[in-house]
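For this one, two forms of the same chain are given in structure tokens, first as structure 1 and then as structure 2.
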Structure 1
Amino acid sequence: MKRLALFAVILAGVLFAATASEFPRLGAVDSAPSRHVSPAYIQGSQPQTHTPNFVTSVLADYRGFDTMFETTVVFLAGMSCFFILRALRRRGVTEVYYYRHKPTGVVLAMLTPRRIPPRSSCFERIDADWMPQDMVVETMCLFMVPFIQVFALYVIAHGHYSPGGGFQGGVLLAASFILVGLSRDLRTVESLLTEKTAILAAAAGVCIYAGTGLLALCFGGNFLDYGAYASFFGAAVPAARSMGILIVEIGVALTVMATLVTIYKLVSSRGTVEEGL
């Protein structure tokens, strides 16, 4: 199997190298995309899609199908990582849990965590390779988290007017959770966004995107024809298209954020989602 995969990679590399010389130079003004495709998008974006940002009009309108399936690929990538990396608890194997007594710093190793309440004021669960966190780094990281999340929401909400959108906003939201994990521990991230919730959120993002397209059919439009929502929102077509794109961007952001956080948990904990960076 590995030899077959290696052969496929080498074959793809050879084909790419053989055809790369025929590609137009990056930014070449005399290439076909620069002479025909790009001007059509730039000049037709505003009158055809009523979207000021023609990058967003390309992503969410002209090629809305493509972006929907890109979002689906992101979700499937996360699920693939889950099924490949997730390590289930093995029966008969005794696990050791480490707890630190905050006033004295004494560390206890226990075979069952039930003897200590999850939110004990005297004990905190720590990783097996726990090291004291720098208070300045931890405080500053946690201080930055709400600002990152507010900026992420701005990027999502303003994606159809300025550079941004669901992919970028989702990455920023995921970065805020990862920053919490790096400054505290993985269990804190798990308490904020559980594994089950993250998977459901990732699936919900895809459903929101596809559902937005299907709902347009119910209002007499085409799939992902955001202008069909004008009667539903009681607004003009440009405003309805903006609302439709915003809903789609929210779906993309949910999938990207939840998928990245899920992958981070799996990779950092070697699939256990118990402890790690």
Structure 2
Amino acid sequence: MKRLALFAVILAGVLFAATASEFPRLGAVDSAPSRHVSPAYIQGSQPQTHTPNFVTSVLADYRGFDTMFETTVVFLAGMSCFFILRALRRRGVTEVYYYRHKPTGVVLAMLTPRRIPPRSSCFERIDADWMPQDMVVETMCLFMVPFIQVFALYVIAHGHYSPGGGFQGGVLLAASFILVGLSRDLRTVESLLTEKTAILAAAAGVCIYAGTGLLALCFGGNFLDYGAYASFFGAAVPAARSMGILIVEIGVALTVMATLVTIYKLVSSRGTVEEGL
């Protein structure tokens, strides 16, 4: 079986190397895309969509349907991870809960979850494989989080002018939450962004995207035709198109952020979202 896999890989590599010479050179003027497709987008993007960055205009305007269903696929991926991995609490299975008395360091093990108040100053819930953490690492990681989030918001809001947009900004937002999870523990992330909130946010992102498209129908435009919002925002058509793309990017970012945090929680805690990495 391993030999067969190796053979398949080598065959694919040889085929790829053989066809690589047929590709047009990077930046060749006489290649097929450079003749028709690229000039249409490069010259048409600014007058048609009023978006300076034409990667964004292709993603969110020319191929708005494509991006909408990509967002839906991200949401579905998160939901299928939830349905496959999530371990529901079964009756009769005894779980051990560990609580640490902070002043003395004594650890209590309890069989039934006798919940301590969430803001108890004496006891804290700890993982089974808990170890004292390095204060420098934890403090520096938590110090980084606000900067990552500000950068993520910049990437989302500035997707018109620079590389970036909803997907990348959403991933950066998710990374800030995951950094909290890596430096502290999973319960801190769970208290910041609960499972229910995350799934609702993911669904809300898809709804924002589709709703923006549908609302354009009410103002007499086509589906996802942001120019129809000109009368709604009380602005000119270019400003309305920019606003439409921004709203759509926010929806994408919400979905991606919530989905990635959900997947991380499920994978790192064996589906229980109790104790994690």
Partner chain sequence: MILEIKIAMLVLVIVCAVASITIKDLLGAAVVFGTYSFMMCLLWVSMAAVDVAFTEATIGAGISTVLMIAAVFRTTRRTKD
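Nothing here was measured: the structure is a model prediction, and the numbers come from that model. Throughout, rigid core stands for the largest set of C-alpha atoms superposing within 1.5 Å between the two forms. All residue numbers here follow the sequence of structure 1, with the first residue given the number 1.
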item	value
Between structure 1 and structure 2, the form predicted alone	1
At the hinge of two rigid parts that rotate between structure 1 and structure 2, the residue from 231, 142, 35, 48	35
Angle through which the smaller rigid unit swings between structure 1 and structure 2, given in whole degrees	26
Core-referenced Cα shift (Å), residue 30, between structure 1 and structure 2	3.8
Core-fitted comparison between structure 1 and structure 2 - CA shift at residue 20, Å	7.9
